[in-house]
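Okay, here we've got a single chain as structure tokens, the form predicted alone, with questions on binding and movement later.
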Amino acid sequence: MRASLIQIGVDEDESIDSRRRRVAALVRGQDDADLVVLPELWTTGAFAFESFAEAAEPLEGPTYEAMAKAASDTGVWLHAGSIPERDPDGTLYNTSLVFSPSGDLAAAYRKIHRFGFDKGEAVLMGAGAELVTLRLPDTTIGIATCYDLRFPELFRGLVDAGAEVFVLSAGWPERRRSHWTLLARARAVENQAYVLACGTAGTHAGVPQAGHSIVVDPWGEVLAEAGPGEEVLTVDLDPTKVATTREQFPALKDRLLGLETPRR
């Protein structure tokens, strides 16, 4: 399975409409991929809190339409990153969209862990409540977003739901880049799963972004890592490696905590 992570550079001087068109063209350039992944809140910038309300769109809004068409034109599974979604009741959510190669919406995930420590996203947006997995032809992906990466119980729940590949979109700040790499590898090792973590480049509301999108295998080995700028990171994955790793080193079978009935 070939995956392409598009590490989008967010320039505050570029309009959302212009960036939407540019990103759609980048997606169409990945016609040799099976799965394409975009970052978190790439329309606005993950730290551009003051623009969330103005830029928020309904689930089936302009970003939905543009990305659905890009997916169908290219014939790829497209994790279109996340958008500031406005629910009909007025609540904002940080919502990830995944489209099938025919352009149909295959999954939507509302970010559970909101960042901000009682400000920013944490107070401007509602929290999602459901874990989301999606079966692709060769594997099952589990969906997470940025700050979720710091909460291992979410990923354990995705594993219990069948996930073999974690797909995470992010707008991670440069000043905590070492955590980004460390946590991506940790989530891979402890769950014996692939991690595809796609971040943004550029600066959002004065906050430099880490870039360095990363792909990690089930043993925690880094298969590919981007630099700090806009870049397309493409890597071939072997979906059978997850099962092989779990058979060769069956640590998940020794779990005791977090299970309904611990084994003795």
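Throughout, we count residues from 1 along the sequence that is shown. Please read all numbers here as calculations on a predicted model, not as lab measurements.
Heads up, the form predicted together with a small molecule isn't pictured, but that's what we're talking about next.
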| said: Is it the case that R176, even though its partner is missing from this view, gets within 4.5 Å of the small molecule in the model of the complex, heavy atoms only? | reply: yes
| task | With heavy atoms only and a cut-off of 4.5 Å, decide whether E40 touches the small molecule in the model of the complex. | result | yes
| Is W172 close to the small molecule in the model of the complex, meaning a heavy atom pair under 4.5 Å apart or at it? | yes
| Using heavy atoms and a 4.5 Å limit, would one call Y109 a contact residue for the small molecule in the model of the complex? | no
| field | Stretch in contact in the model of the complex with the small molecule, which is absent here, among 189-197, 95-103, 67-75, 146-154 (heavy atoms within 4.5 Å) | value | 146-154
